[in-house]
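Here you get one chain, nothing else, as structure tokens; it is the form predicted on its own.
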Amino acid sequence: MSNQPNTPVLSTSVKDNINNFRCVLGSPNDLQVKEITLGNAHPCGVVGIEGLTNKDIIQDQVLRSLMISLTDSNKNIPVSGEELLLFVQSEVLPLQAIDVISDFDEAIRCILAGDTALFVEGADKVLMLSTKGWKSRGIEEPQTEGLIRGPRDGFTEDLGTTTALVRRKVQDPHLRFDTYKIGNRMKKDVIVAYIDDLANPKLVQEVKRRLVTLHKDDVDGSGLIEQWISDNYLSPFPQILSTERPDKVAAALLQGRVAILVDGTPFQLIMPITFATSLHSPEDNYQNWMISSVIRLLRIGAAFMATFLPAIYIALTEFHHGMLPSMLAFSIAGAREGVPFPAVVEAFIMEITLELLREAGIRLPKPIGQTIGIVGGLVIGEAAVSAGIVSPIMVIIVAITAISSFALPSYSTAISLRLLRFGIMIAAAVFGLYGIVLAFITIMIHMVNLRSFGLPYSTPFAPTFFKDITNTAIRTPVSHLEMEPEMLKSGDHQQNHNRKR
């Protein structure tokens, strides 16, 4: 809320302050006002918003404490309004979080955030009492990052619960929570979390610098922050990892990374990351290293198939028949007999249909969405084959591609690969395998030049960190595993990457 020339100021009159609050807020029905007189000559006013405040706290710890303490004849109650305000703050109210505010706009913001204002006649300041008490969702299992073996708790929309979950996982005295209020009109609490003696100071400083440059009226969730502070907004690859899992944030902090915790969303941010980081799952640490290594290799294969499999099929069937075994070539030719479209049109029809089914499954209620996704895919695929629009082998290719994208633990990475897949399919339709190779080289050049807070996105392969490579494609045994990656120990990657907004 910006300061305007006609913005009211806090008055020494309780009635004037209450009237100003009503005027600015438009006299809403949920504005709760209680005027009381302490003793015989001390008018006071309590202002809060119903639904955002805890009525029990206001009744038991505020009003009752005021009435009991300030009517006690044995107490030497100050006469001055300023002194009485400080006396109430330090001697009367049992609440821990009490702030003295002299700015009207700041008082309005606090009330809209769930605090309660206490006015005292004769004081041009206000006591802001922490009485937040709205209903919030309980701790549940994350919806987008399910595990077979591992903890089941996930972040909620309440920032206090989020920080408590992180502290429960990281019981380190050097864990730091630096709080900021981001947004011009709608001030939202945002916390930069890091471990003081592990995180690179340059990295922490750069995260904070980018965060405070965000000047928007409303910071709606962590997605806007992620887009604002990313190094390259033109890249399809996520340069910041979002997660619902406290154990994932805890592991990142112990590696020397930085997390941003945002109020009002269960999705919190981790930085810096690499492409290899997005293929790792917390479950890798809960399984035997050999099992986790096989699963990681499977994910790498799934990422390759999700990106290149339809394009390879198009190139082989349209340009490079001689590279196929004879029996396989005859089988594909027989399956495509009567299909009126080339392979690239087939692929686009099936891929776009699959994307529509995914979106429909997400937007519909969960029980209906699952049914639509499964039954719709089967029915449409079977009907398309029966009608001769697509070949059975194309249905298989698209199905394998979809399953491969679902195997990736990072939803943002899976979406970026799905987007790249369409461009690679066009390259394959025009140039065959040469087009796929050119597209691959272009993607690699982009990834090598891409940065996540100064850290090259292709790390630990380019630049090379041999110790980290062993824990990228496979999972290193616990006896040889270092908690902090070598690529995060050096501050060299932080130099010359301070952006200007």
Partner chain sequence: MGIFNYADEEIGQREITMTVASMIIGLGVLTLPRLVASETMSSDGWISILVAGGIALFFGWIVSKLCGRFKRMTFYEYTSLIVTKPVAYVLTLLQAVYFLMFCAYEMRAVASISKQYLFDRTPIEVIALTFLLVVIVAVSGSRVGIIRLCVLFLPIVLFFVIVMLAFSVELFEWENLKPMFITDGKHIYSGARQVIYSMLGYEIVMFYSILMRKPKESTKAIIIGISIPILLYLIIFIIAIGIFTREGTINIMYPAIEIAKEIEIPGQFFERFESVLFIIWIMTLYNTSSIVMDVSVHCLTSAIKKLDKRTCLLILSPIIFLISMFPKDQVEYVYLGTIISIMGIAFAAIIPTSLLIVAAIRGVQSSD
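Given the structure is predicted, the values throughout are model-derived calculations rather than measurements. Residue numbers count along the first chain shown, from 1.
The same protein also exists as the form predicted together with its partner chain; that form is not shown, yet it is the one meant from here on.
- Leu438 is the sole member of Leu52, Leu63, Ala473, Leu438 with a non-hydrogen atom within 4.5 Å of its partner chain in the predicted complex.
- Checking Pro325, Pro173, Pro342, Gly338 against its partner chain in the predicted complex, a heavy atom within 4.5 Å turns up for just one residue: Pro325.
- Within this chain, Val33 is remote from the site of its partner chain in the predicted complex, having no heavy atom within 4.5 Å.
- Not displayed here, its partner chain is kept clear of Ser281 by more than 4.5 Å at the level of heavy atoms in the predicted complex.
- The shortest heavy atom separation between Glu206 and its partner chain in the predicted complex is within 4.5 Å.
- Looking at Lys202, you'd find a heavy atom of it within 4.5 angstroms of its partner chain in the predicted complex.
- Using a 4.5 angstroms heavy atom cutoff to its partner chain in the predicted complex, none of Gln143, Pro409 and Thr413 count as contacting.
- Figure note: of the listed segments 154 to 162, 427 to 435, 243 to 251, 381 to 389, the one touching its partner chain in the predicted complex, with heavy atoms no more than 4.5 Å away, is 427 to 435.
- Taking a 4.5 Å heavy atom cutoff to its partner chain in the predicted complex, the contacting residues in 440 to 466 are Phe440, Ile441, Thr442, Met444, Ile445, Val448, Asn449, Arg451, Phe453, Gly454, Leu455, Pro456, Ser458, Phe461, Ala462, Pro463, Thr464, Phe466.
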